[in-house]
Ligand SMILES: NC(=O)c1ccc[n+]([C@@H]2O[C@H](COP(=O)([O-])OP(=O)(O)OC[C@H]3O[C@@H](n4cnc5c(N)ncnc54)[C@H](O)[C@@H]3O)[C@@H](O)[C@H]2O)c1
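One chain comes next, on its own, written out as structure tokens in the form predicted alone.
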């Protein structure tokens, strides 16, 4: 199999998950890693057997590297993405695509003008769970979708994350941190959104860290920690979403899709597997649906979108985790906050083409036949 050489910029916690994925998919060859902290890059290179740890400039200048994976903090996404595109590299970036619409548009436009591929996490919709849901909906198992719900209920990061303050600053919060998983799943299953309405607020204005190493420090919350919204899809379905860092416990489902002929229970979009459950119209019993697709193992979760892009580079087909869909998701997230501030619906001008579903029967170490 032809391989694609990738370079990873940003060697923080999430880089280990991406590097494990690179060892799972045969098409990926990690040529170098880079970080503002050279010691951190060297440690990752040694841990995963990467040939070279280097500076960002050296990585971007390496002619062997075709695809840059950007794992920097969200505030740095735009700068690094634009630099990689200017260096002639395809780009796959961690979510969100950017922290403002303006920056998101700049990156999408730069990739288009350069004739390069732009992709963005999350790629979890490529896992067996959501691909099974996609097939059920496309095959008419629940009839015409009329509504959906999505709930990300949490109390936040200060009780487990080693450095949680970022998650309560502008550009983060529950919508920008976790919303991409839920909105990417919903738009993959149902298509683009035409307008939204939102309510948002800071419900717990001060947080006390109970994790190490910053136990006892306080965080002043600077962005809404509870966001509720409604979505009007172009297909006619109407959606409801809540993302929150202000709740202790919940029994709400992650995602449900309601159709004219039944209801589909969708698994956690921050995972690759199931369970997938179906309840037919007039029925009172849920049935577990066997997964129709593979790639349900969490070991491949974080870099599955990178692997799909690498296959697309080799074959010439479109990749699935596109910059256009990522920008649409960014547009939606910002629109919920805009709506909450303005007190009215916000029309959504952006759109995208739904990514093609994965073929059946793929091997676990590849994403093409």
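What you see is a predicted model, and the numbers here were worked out from it, not measured in a lab. Positions refer to the first chain, counted from 1.
Although not depicted, the form predicted together with the named molecule is the subject of the following passage.
Contact with the named molecule, judged by heavy atoms within 4.5 Å in the predicted bound form, is confined among 141 to 149, 227 to 235, 161 to 169, 202 to 210 to 161 to 169. 74 is the sole member of 253, 262, 74, 275 with a non-hydrogen atom within 4.5 Å of the named molecule in the predicted bound form.
Of the candidates 340, 314, 56, 43, 56 is the one whose heavy atoms come within 4.5 Å of the named molecule in the predicted bound form; the others do not. At least one heavy atom of residue 14 is located within 4.5 Å of the named molecule in the predicted bound form. Contact check for residue 35: a heavy atom falls within 4.5 Å of the named molecule in the predicted bound form. By the criterion of a heavy atom within 4.5 Å, residue 95 is counted among the residues contacting the named molecule in the predicted bound form. Mapping the unseen interface onto this chain, residue 80 counts among the residues with a heavy atom inside 4.5 Å of the named molecule in the predicted bound form. Relative to the named molecule in the predicted bound form, residues 9, 181 and 302 are all within 4.5 Å by at least one heavy atom.
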